[in-house]
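In the block that follows, a single chain appears as structure tokens, in the form predicted alone.
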Amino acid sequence: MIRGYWLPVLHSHLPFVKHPEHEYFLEEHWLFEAITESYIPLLINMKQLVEEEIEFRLTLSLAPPLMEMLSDKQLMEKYEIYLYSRIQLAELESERLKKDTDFLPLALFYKERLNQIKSFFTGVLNSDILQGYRHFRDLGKLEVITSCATHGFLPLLKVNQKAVEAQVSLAVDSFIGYFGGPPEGMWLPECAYYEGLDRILNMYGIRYFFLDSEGLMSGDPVPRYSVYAPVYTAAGVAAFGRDPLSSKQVWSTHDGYPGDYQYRDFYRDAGYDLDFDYIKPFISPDGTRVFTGIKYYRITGRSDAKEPYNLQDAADKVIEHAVHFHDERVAQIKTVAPMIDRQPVVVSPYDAELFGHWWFEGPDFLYRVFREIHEKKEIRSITPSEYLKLYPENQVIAPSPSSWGYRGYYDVWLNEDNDWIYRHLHYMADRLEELASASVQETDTLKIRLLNQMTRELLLAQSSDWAFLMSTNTAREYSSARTKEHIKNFNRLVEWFSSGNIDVSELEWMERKHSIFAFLDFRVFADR
């Protein structure tokens, strides 16, 4: 007998990074690593589940910048070069370690794995990752939803309502372009909610979104079923609350599964460990050492001393943790079910890149959890749309402003390290709304291109990633430079528009480099 439901959600997002002016650009590797270590392994495992006739449901949000990059011909050509380089390194390593009993099995494993990924990408997917997601969606296994246009942190953009509306409406338009119909749900960037946002979501046909537990439990009134059932907002949009326990078991590197000592260590990488002259062809052309994805050590412990990674020991741990995770969800549901008038749902949202990139064994963990659910038949995986169809009547509350940042607040995205960006973002949004409203009837092709590119520059500057990376001191220099570049470009475009003295070649370069949303119409910012 099914006692309740598990609702796993993977949020797939990376900031839009494209540098056609360089054959090699380090930050583009964020995308290449995610494809190789997370997106394709997850798709391979979904294919295996289908072939083994194991029933599963997974919800996957695809942020528009990621869809744009996965569909960009130039970036995908660079990805194939990247992947071929990694295969070359694995082949060299297999030869170098042919007499090393500790590390040869790993070198051979990487060689086989990378060739499998290449074959899956070019063969099964025809070099189109989105095709894989569409395939499993059409089979009814995957519910694909969207996120905001450039992952803007909406509560800090609401100074100008058009900025928020544009983030939502363009996301819906982008999704329709790639998937042929509107999305049912939306992943709010950083799960960040503010009072009144539900009205905008409803305006553009969004039926549900996700909140951190603080946003739900601090709502008015307090939800009677805690996080174990969705609620409706006043605008009629459903909000699903994140379950803290299942989140911590997977998210936490100290208390959760990914920190287990048998799992692969993320930081010990051949790009840093091996002799410089040997590894030089596989790192940055300027000699900067980078991650290659070839890693030989397990976490081992909290010290820097590491022992060799053992594939079988890690695989055994994956099974142990999958069984434990399943049993914990069953115990949760058994405890809650008698207290409410429906079968509970445990909502477990994670960043997709956690599975494979940060936690190497993560895709196999998900595969094993689905197997446990299928074989034991005590709970069932489900999508938000399926659960709302089962239980269309839900309590109405006013969720609390919140995010999934520290303690549910906004301060990760607004603090002394990044607060300088917002005066620019607010000015740009106001100026664009003014120009767009005055130019609704514009027919001059060049002026329309200027206004469209202003819109792109603003949207790209609004990405929550830049504020986040400045705050965490990760890629701070690049994040700051990207924000300043978009601000500078926007101001130049405004100057050209006002003066009529347009540098067409520079405009063409901006359009090529920041090529997001070919369908974009600046009138999305117009006051109509």
Partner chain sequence: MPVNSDTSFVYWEVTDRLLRGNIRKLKSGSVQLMIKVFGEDANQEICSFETKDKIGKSYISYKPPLIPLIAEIGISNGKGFVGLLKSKSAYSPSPVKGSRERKAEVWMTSTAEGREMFSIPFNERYMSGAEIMEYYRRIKISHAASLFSRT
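None of these values were measured; they are calculated from a predicted model. Positions refer to the first chain, counted from 1.
Quick note: we don't show the form predicted together with its partner chain, though the next part is all about it.
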Q. Exactly one stretch in 291-299, 194-202, 74-82, 90-98 has heavy atoms within 4.5 Å of its partner chain in the predicted bound form; which is it?
A. 194-202
Q: Would you check, heavy atoms only and a 4.5 Å threshold, whether P183 touches its partner chain in the predicted bound form?
A: no
Q: Check whether Q343 has any heavy atom within 4.5 Å of a heavy atom of its partner chain in the predicted bound form, and answer yes or no.
A: no
Q) Looking in the predicted bound form, any heavy atom of E328 within 4.5 Å of its partner chain? A) yes
Q | Residue contact check: Y410 to its partner chain in the predicted bound form, 4.5 Å heavy atom | A | yes
Q) Heavy atom within 4.5 Å of its partner chain in the predicted bound form: which of L125, A235, L108, A314? A) A235
Q: Have a look at P308, P401, G271, G177 for me and say which one sits with a heavy atom within 4.5 Å of its partner chain in the predicted bound form.
A: P401
(Q) For the three residues I44, Q48 and G356, which mark the spot I'm curious about, does each lie within 4.5 Å of its partner chain in the predicted bound form through at least one heavy atom? (A) no
Q) Does any residue in 196-224 get within 4.5 Å of its partner chain in the predicted bound form, counting heavy atoms only, and if so which ones? A) N202, D212, S213, E214, M217, S218, G219, D220, P221, V222, P223, R224
